[in-house]
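Next up: just one chain, as structure tokens, the form predicted on its own.
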Amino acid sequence: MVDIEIYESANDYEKFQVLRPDYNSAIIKSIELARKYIPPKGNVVVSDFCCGTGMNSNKYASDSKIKKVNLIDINSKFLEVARDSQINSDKVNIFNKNILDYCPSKESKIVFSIFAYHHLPDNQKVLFLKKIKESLANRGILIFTEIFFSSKELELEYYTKLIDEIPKDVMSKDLELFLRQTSTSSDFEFKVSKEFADNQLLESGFTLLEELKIWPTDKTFDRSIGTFVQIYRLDEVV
């Protein structure tokens, strides 16, 4: 049995995630910035890494049809939802596999890595970034949305604060269980410090264009701890 039970139910997963102030605000800002840097239009190819139910690509292309979307996720139940979600694209490719087994084409103008990087064990994270590089066309844009911690203790404090700040009329026993299981997971959660991720992206050849801290917005934690949306560009000599 997996240590985060909600991963067995795609519908409950999306329903619970959008109730989180960190997650929901980060998704909104991620899509807003994706549209700023690469406006959705007919010639855009998107790759959505660890796409879940395909919500991010769906929101991105909601009012303007794009050329193609590549959806990659290891969870077949999530991909069933994504397949039925009618993403506004001429072509939707579904890849039910571990992201490290994905063989991309260098065609994407934009890659979504939205709460995806932390699902890879630390010794595999650089391989994950390599897959992104293999997907992006020159000067392509990476939407990199993540939660950063420098210790497991801070991660537990973060989720405790999150549980405390979700309104009582929104919180349920199942949602609280999901958040507590997430904070202690060793199967799916391999979060790292912002410094670790920043350095790895820089060393992999990405250029940071913009970043925003999403949550928490108060001074509970150090500036580098919490949920961030970062925009990177891949510049390669061709």
Ligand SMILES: C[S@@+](CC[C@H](N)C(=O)[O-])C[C@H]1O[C@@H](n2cnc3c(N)ncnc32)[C@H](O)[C@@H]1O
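Just count from 1 along the sequence shown to find any residue number. Predicted, not measured: the structure shown is a model, and the values here were computed from it.
The same protein also exists as the form predicted together with this ligand; that form is not shown, yet it is the one meant from here on.
For this ligand in the model of the complex, the listed stretch (150 to 158, 133 to 141, 103 to 111, 74 to 82) containing residues with heavy atoms inside 4.5 Å is 74 to 82. For the options Ala197, Leu175, Leu33, Ile27, the one in contact with this ligand in the model of the complex, meaning a heavy atom within 4.5 Å, is Ile27.
Using a 4.5 angstroms threshold between heavy atoms, Tyr13 counts as touching this ligand in the model of the complex. Taking the partner from elsewhere, Lys91 is found to have every heavy atom lying beyond 4.5 Å of this ligand in the model of the complex. Under a 4.5 angstroms non-hydrogen atom cutoff, this ligand in the model of the complex has Cys51 among its neighbouring residues.
For the chain shown alone, Asn56 is a contact residue for this ligand in the model of the complex, at least one non-hydrogen atom being within 4.5 angstroms.
Taking this ligand as positioned in the model of the complex, the residues of 91 to 122 that bring a heavy atom within 4.5 Å of it are, in sequence order, Lys97, Asn98, Ile99, Ile114, Phe115, His119, Leu120.
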